[in-house]
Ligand code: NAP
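Shown below, as structure tokens, is a lone chain in the form predicted alone; questions about how it binds or moves come after it.
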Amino acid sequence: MLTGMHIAVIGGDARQLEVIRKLIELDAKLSLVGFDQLDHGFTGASKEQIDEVDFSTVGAIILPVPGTNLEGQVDTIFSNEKIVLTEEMVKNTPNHCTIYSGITNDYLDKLVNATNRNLVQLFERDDVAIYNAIPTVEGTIMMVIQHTDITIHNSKVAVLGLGRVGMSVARTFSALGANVRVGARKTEHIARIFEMGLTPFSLNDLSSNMADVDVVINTIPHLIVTSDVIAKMPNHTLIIDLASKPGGTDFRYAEKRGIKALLAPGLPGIVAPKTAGQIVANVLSQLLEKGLERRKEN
């Protein structure tokens, strides 16, 4: 239980509603920032403007999966309020205050360094990433069906990267009957792709593997689907980029060539916000309870 613990939930999308429900079940005291347009209220939680929050008692700050932008602004779909998490606010928190976010950026890194607070990136955890791969794969299947005029069965699909998402995407599209090839750099990943019964190739040979591909699914968060790579693709190829913004695709050149390229980060929150929110809520509640137990022991 989190009885008496003051937690500030700042911004977010429908996934955060599951987090709020879970924290209320655990008897936490919640300040909800960026939820003023939410139709229903939550018993035991108060909707506040960010400058109304008493940060001196806040033991945890929960940000949305994207965290903040590079100016410290936190996005929310439940308010028109401009919400900025500042260094001053965080400095006013107790020393044990922990910030929870899906991912980080330069702004958040500088913020926690300047305030000597701990930042937990939930999406760096294997359990969260693997659970989230399930709705990500389902959303990717949905997008391929919507944006192509062929069946997945017998199509030629190239998956770039064999991380936690890439492995799930490759396995599932293969199970649906696609001819799946997977690009990777590490020799152990090449071996794993072969062991999975798929066709491996080195990312150094990416361009030469694009000549007949129907769908390219990128999971690598840096520019890899370059203009040279796109130039080798057939005109009908669909690119789905699952990497975090700005993705790993030259979208300008893809448009110039008439190839449809879609940036689709955060698919779990779009196609299955309830499930995605429960994944985050369950892991988050465990971390908060463990942190509270440690403080009590000390």
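One-based numbering along the sequence shown. Not measured: the values here are computed from a predicted model.
Although not depicted, the form predicted in complex with the named molecule is the subject of the following passage.
Comment: the named molecule is not present in this chain, but in the model of the complex one of Ala243, Ile61, Ile239, Leu32 has a heavy atom within 4.5 Å of it, namely Ala243.
None of Arg185, His153, Lys82, Lys91 but one reaches within 4.5 angstroms of the named molecule in the model of the complex through a heavy atom, and that residue is Arg185.
Residue heavy atoms within 4.5 Å of the named molecule in the model of the complex occur in exactly one stretch of 91-99, 104-112, 160-168, 194-202, and that stretch is 160-168.
Pro265 belongs to the set of residues with a heavy atom inside 4.5 Å of the named molecule in the model of the complex.
In the model of the complex, the named molecule sits beyond 4.5 Å of every heavy atom of Thr76. Not displayed here, the named molecule is approached by His189 to within 4.5 Å at the level of heavy atoms in the model of the complex.
At the 4.5 Å threshold, heavy atoms of Ile220 reach the named molecule in the model of the complex.
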